[in-house]
Each structure stands twice: as C-alpha cells, then as structure tokens.
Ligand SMILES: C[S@@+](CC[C@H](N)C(=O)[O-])C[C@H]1O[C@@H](n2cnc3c(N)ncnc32)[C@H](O)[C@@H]1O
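Below you'll find only one chain, the form predicted on its own, shown as structure tokens.
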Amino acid sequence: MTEIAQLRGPALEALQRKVEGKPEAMLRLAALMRKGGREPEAHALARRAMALAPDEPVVRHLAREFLSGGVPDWHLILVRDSVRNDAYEAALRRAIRPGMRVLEIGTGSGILAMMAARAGAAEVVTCEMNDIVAETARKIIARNGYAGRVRVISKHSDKIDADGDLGGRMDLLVSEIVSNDLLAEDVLPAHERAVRDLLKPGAPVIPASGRIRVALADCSDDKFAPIGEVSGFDLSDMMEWRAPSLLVKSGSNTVALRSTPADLFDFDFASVAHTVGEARHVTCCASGGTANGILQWIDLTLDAATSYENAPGSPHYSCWAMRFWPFVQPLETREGDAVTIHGAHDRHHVRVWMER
C-alpha cells in the first residue's frame, strides 16, 4: 500500500472511499493512518468501522488492537495501585471545600476527577490530550454518576484557556503526570503554566512537591549482568547496546541498597517560577559490600499530611518502577565510606552517574 504518511488530500480521501463499508479494511487503514500521524481521522474511521460490525469477532479483535495501540499501558497499571489511590483521595478530601472548582491535568481513567467530585467539589474540569482516553473516561464518569459535575476537555493543558474553557480560574489543581523518573511526562512545564494562568492565586496543588532519591545498590537481576563469553564466543561488544538505565519493578527482591539514600533533586509543583535544568551531586554513606549501580526512585508530597514513595523495600505495590543505572564494573565499598552520586536534569529527563 502507498506509504500512508505521504497520502494527502484527494489521495487519502480516495482510499477512504475504497474501504468505506468494509470494517476490517477500515480498521487496517485506521492503524496505518495513525502511524502516519493522522490520529483524529484514524480514530473517526475506526469508530465508524466498529459501529458497522460490533459483534464480528475479527472486527472486535482489530478494534481492540487499534484502541490499545493508542493508549499507553501504564494507564492500566496506575489504577491498580491502591496506596497511590488512597493517598490522592485523602489529600483531596482535606483540600476541597464546598463550592470549589477543581482542575485536573491528565484525565486517564477519570478516577482522580471522580474522587474530587465525591469529596464535594462543585465542578471538576479535567483535560486529556489523548482522544481515545478522553472518550473512555467520559463513559466511565457517566457510568459512575458524575457526568453532571465532571467535564472532560479533549485538549492538552497548554491549550486550555481559563475563561473560554474553564469559565474562570480554578480553586485547586490535581494531577498525576509524573513518570518513573518524575519528569518525563512534563510535570514541570504543565504545572508552571497551570499555576500561572489557570488557577486563582494561592490555590492548592496536589501533589505539592516531588523529589528524586538515589542510593548505591546491588541488583542481582540477570538483565544487569555483563555479557561476556557465550557458547565459546566473546560477545562483550553487545554491552554497547545496553541502555544507560533500566527499570526495576516496585517490591523487587533483587535489589539491596549499599548506601544511605539522598535527595538528588527537589521540585515545588505549586510554583510559577521557571525551573531551570541543573546538575548537582549528593554524598551518601556506604554500608559496605558490592554495588553494581545506582538506584533512583521518586517521593511525592501530596499535601502536608500525605506522602507517597516507591522506595526499595516498601511493603506495598507501586505503579511506578524504580530506575537502575548500572556500572560498567562493580564497586567494592567499605562501611562508612563517603560516596558521591552525580545527577542532571533538563526539565524533562534525569541522568544519574558516579565518577570512578
């Protein structure tokens, strides 16, 4: 088939006419259109295809394939973290007063928006840039009886206008746009802009702040082990392909800390000030033994009374993974040694290392 990214105007319209009325072909074209960066049109075409044959097994399979392909799987992981859910709800219940209007950035399943409504918010406006996610969230919100107080806007928060979209500045901001390394979902620019342009002065923000924590660690997971001789062949050059950091699931028993933890970076999510990228280092106290890398995790302060940390050894499941930065060669430490861990961020990504 012609490269879909090159199809424009009449050519694409002709192809759509050719598949119209054929659900399987429509869904396959929709998938190609998405790859070509034509998400809104692809979504509309897929919806028409699903409506034509809702009970056809192949069409159902292709439809699920299309919908899941447009939604990151972490949406399904987040809602299973009951500790996270309870922490957010506790903070919302403390912050919300009768008549409050709440803004949420990143609707996802709609769970935080519904929590805000359940806590007594008069109105909740939540924005979601993914059309598929926004559409499903509207169904979930309506199914749970909150359609009258929770409104989903299909926009990126940067495109929201306080008067035109919200009907005036809001009384509280809640979001859950933090990643495994805290920053990769652009929590800093999103919060800075929302606090400056969309909230009333002094409005509370949940979470209020976040930290990136680090410590020396030893990880026994095989994926961190060096590759050397395999079946009599030297494959050590493959190590060039290994990413500088890898994820470690919360609650993993393969990680043992080899130093005291330290806060590498600390961010105020309620500030309008532009947070600049920076490099810094922290000193930790070694506990002795072999360390083969640096473990990095996050710590959120929801409000003055509630925090959430996906710390190593935590007894609860966390939707966020820890990040492990393996050394090229293991480091032998002695108890009480001072070790220096370096880090840098550019507002969007974090990098961690140790100078040897």
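Just so we're clear, the structure is a prediction, and the values are computed from it rather than from any experiment. Residue indices: 1-based, along the sequence shown.
The discussion below concerns the form predicted together with this ligand, not included here.
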In the model of the complex, segment of 162 to 170, 258 to 266, 97 to 105, 224 to 232 with a heavy atom within 4.5 Å of this ligand = 97 to 105
Exactly one of Arg242, Lys155, Arg93, Arg196 comes within 4.5 Å of this ligand in the model of the complex through a heavy atom, and that residue is Lys155
Identify which of Cys285, Met129, Ala142, Val83 has a heavy atom within 4.5 Å of this ligand in the model of the complex; exactly one of them does.
-> Met129
Using a 4.5 Å heavy atom cut-off, state whether Leu183 contacts this ligand in the model of the complex.
-> no
Non-hydrogen atom contact His75 with this ligand in the model of the complex at 4.5 angstroms = yes
Touches this ligand in the model of the complex: Val125 (any heavy atom, 4.5 Å) | no
So in the model of the complex, does any heavy atom of Val133 sit within 4.5 Å of this ligand?
-> yes
Select from 161 to 190 the residues with a non-hydrogen atom within 4.5 Å of this ligand in the model of the complex and write them out in sequence order.
-> Glu176, Ile177, Glu185, Ala190
